[in-house]
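Take a look at this one chain, the form predicted alone, written out in structure tokens.
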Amino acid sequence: MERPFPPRSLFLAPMVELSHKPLRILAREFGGLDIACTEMASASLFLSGSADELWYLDPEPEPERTMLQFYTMRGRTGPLLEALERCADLGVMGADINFGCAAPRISRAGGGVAWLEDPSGAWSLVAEARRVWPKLLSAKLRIGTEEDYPRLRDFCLGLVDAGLDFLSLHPRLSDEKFRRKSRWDFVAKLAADLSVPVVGNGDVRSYADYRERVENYSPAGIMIGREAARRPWIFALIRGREARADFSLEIDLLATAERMLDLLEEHIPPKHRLERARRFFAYYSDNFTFAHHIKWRLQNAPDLGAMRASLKSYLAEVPGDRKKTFSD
């Protein structure tokens, strides 16, 4: 089978309130990002004409290197199929089906990780999606409710037989969130047992983490989530370090923060700008010496203008934090 992307490709994970168009633009401006995913969108709400779902699925700035991500509920395959049919003419790389979201409101309603309890239903969904969707088709999932590799393997084999082109595994249990270190041995086992590429996701926060995962677990690609919000230049840093051991990046933290605020104002609907900004800066603030202090200021700012003022005020107090050099 022809590989759908180059070896060791770097992916931006689909993340609610984070993997939006502004973050994708910012990461691509730094460079190094191969494939991005949109925010997760509800197939049913998309069909209803929900304005939110429409901009969740905005694939710019590079649709040809962007995967749309949808979720649907168990027993409701129709909305996903119709949503895919409506998106078939978009110039995107492909579509991803979410089998991994562990948010209670999603899983209790039968979406996300709930599909892991219905293997035959998931296989049928992928087979029907393959029938109507002409581009790349992938799925993102977790291990399941327990560390049962044979069960996970069989679930994934069924997805592949149904027509999946590749899959991404976040190797944590359904109820763990980020409490425990991800189990990358599950990525390695799937990579060996499946005939399609397996992308690994979880706990990659540096070039050293990237190298360790690539060398020890043989993933087809590396998917990065929260670290891309903390350091949108992480993809450029990894590619730079691959090329040269002494590579480093000097980052103007104020300019980068202001660029994100500009992008949010330009591309995000007004009612959602503040929540997206707060979510981004909950991670980005970790780059500052007094992270807790500036994070508190930004999380309590009433609008984006106040965020700009807080950033400038903080850096007037701590000028050495404006520009920092990163090498890992």
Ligand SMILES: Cc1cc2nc3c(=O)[nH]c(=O)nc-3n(C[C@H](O)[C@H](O)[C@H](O)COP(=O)(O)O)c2cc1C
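We number the residues from 1 along the sequence you see. Predicted, not measured: the structure shown is a model, and the values here were computed from it.
The following text describes the form predicted in complex with this ligand, which does not appear among the structures shown.
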{"item": "Answer option from 277, 40, 43, 33, heavy atom within 4.5 Å of this ligand in the predicted complex", "value": "40"}
{"item": "290, 296, 283, 55 - the one with a heavy atom within 4.5 Å of this ligand in the predicted complex", "value": "283"}
{"item": "Proximity of residue 66 to this ligand in the predicted complex, heavy atoms at 4.5 Å", "value": "no"}
{"item": "In the predicted complex, residue 226 touching this ligand (heavy atom, 4.5 Å)", "value": "yes"}
{"item": "In the predicted complex, residue 13 touching this ligand (heavy atom, 4.5 Å)", "value": "yes"}
{"item": "Close approach of residue 18 to this ligand in the predicted complex, 4.5 Å, heavy atom", "value": "yes"}
{"item": "Options 128 to 136, 83 to 91, 197 to 205, 235 to 243; stretch whose heavy atom lies within 4.5 Å of this ligand in the predicted complex", "value": "197 to 205"}
{"item": "Residues in 140 to 173 with any heavy atom within 4.5 Å of this ligand in the predicted complex", "value": "140, 170"}
